[in-house]
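One chain comes next, on its own, written as structure tokens: the form predicted on its own.
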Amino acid sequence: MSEHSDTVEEVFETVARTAPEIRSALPGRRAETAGKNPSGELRLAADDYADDLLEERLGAIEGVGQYASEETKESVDTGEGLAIAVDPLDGSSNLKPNNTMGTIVGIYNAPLPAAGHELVGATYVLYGPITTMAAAAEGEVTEYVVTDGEREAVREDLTLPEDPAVYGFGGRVPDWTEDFAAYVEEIESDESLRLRYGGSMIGDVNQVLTYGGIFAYPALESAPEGKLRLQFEGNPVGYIVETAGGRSSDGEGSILEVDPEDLHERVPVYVGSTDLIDRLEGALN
């Protein structure tokens, strides 16, 4: 066990304890607020509620020294210790049509912004028909069902299945690069793979973690840096998938090796089964 194991475990416990409160608060917080987040996206009341709750609880943990959220421009100094990067409500635009959403948390042993190889733990909560949680630390991924704020492990030492079965790609098709579009055509011609894309990163990544396959929000012609945020989405999800025996990539190499310059920096995100990511990098390069 590492010197940070107790703090990482307390973060996981706090996220699990908070998840039911975030979920139960969603019905009354579907309205847009007056503001936008630093990435220019409209914030919902649900985004603000989840962010405030997580900042209060995670920031109060002894051993957590910095809290940063996708919803606010600057990080918050909470003392000394690990840095927490949070997407409080991933896919909140899905609240209106009642589609899946999630919460993503990365735990870094370095001040933010930090490279993904500084992560000592990461987790995401999926608000689906049931509330589940995937948590990675100490070289293992565990999936839990969360009930009344308590975790029950349902899959331990989780690894991606050997035979990939699903794929999901974000961004507007006319905005895809020529190389990526050619790769997608190759994937779509494989009859062993099925399309699974719901517009919530966590919902789509959880499909990959369950069945094997690939999820991507690629570099676009209009946005070479993609859409997803490195600190809050790319790194934590990449860490979980890599810990589960898969691969992450920014199109050239592991997302976890990207050296960040800005807290809200974006990055192309490709995660999934090793062979599919290897083939993707070959197609893009």
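Remember, predicted model here, so these are calculated numbers, not experimental data. From 1 onward, residues are counted along the sequence shown.
This protein has a second form, the form predicted in complex with 6-O-phosphono-beta-D-fructofuranose, left out of what is shown; the following refers to that one.
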Within 4.5 Å, heavy atoms only, which of Y124, F215, Y127, Y108 is in contact with 6-O-phosphono-beta-D-fructofuranose in the predicted bound form?
F215
Checking P161, G81, G149, G199 against 6-O-phosphono-beta-D-fructofuranose in the predicted bound form, the residue with a non-hydrogen atom inside 4.5 angstroms turns out to be G199
Using a 4.5 angstroms cut-off on non-hydrogen atoms, would G91 count as touching 6-O-phosphono-beta-D-fructofuranose in the predicted bound form?
yes
Tell me, yes or no, whether E233 is in contact with 6-O-phosphono-beta-D-fructofuranose in the predicted bound form, where a contact means a heavy atom of each within 4.5 Å.
yes
Please tell me whether any heavy atom belonging to R247 falls inside 4.5 Å of a heavy atom of 6-O-phosphono-beta-D-fructofuranose, as the geometry stands in the predicted bound form.
no
Just to confirm, L228 within 4.5 Å of 6-O-phosphono-beta-D-fructofuranose in the predicted bound form by heavy atoms?
yes
Among 136 to 144, 185 to 193, 200 to 208, 113 to 121, which stretch has residues with heavy atoms no more than 4.5 Å from 6-O-phosphono-beta-D-fructofuranose in the predicted bound form?
200 to 208
Heavy atoms within 4.5 Å of 6-O-phosphono-beta-D-fructofuranose in the predicted bound form is the criterion; list the residues of 124 to 142 that meet it.
none
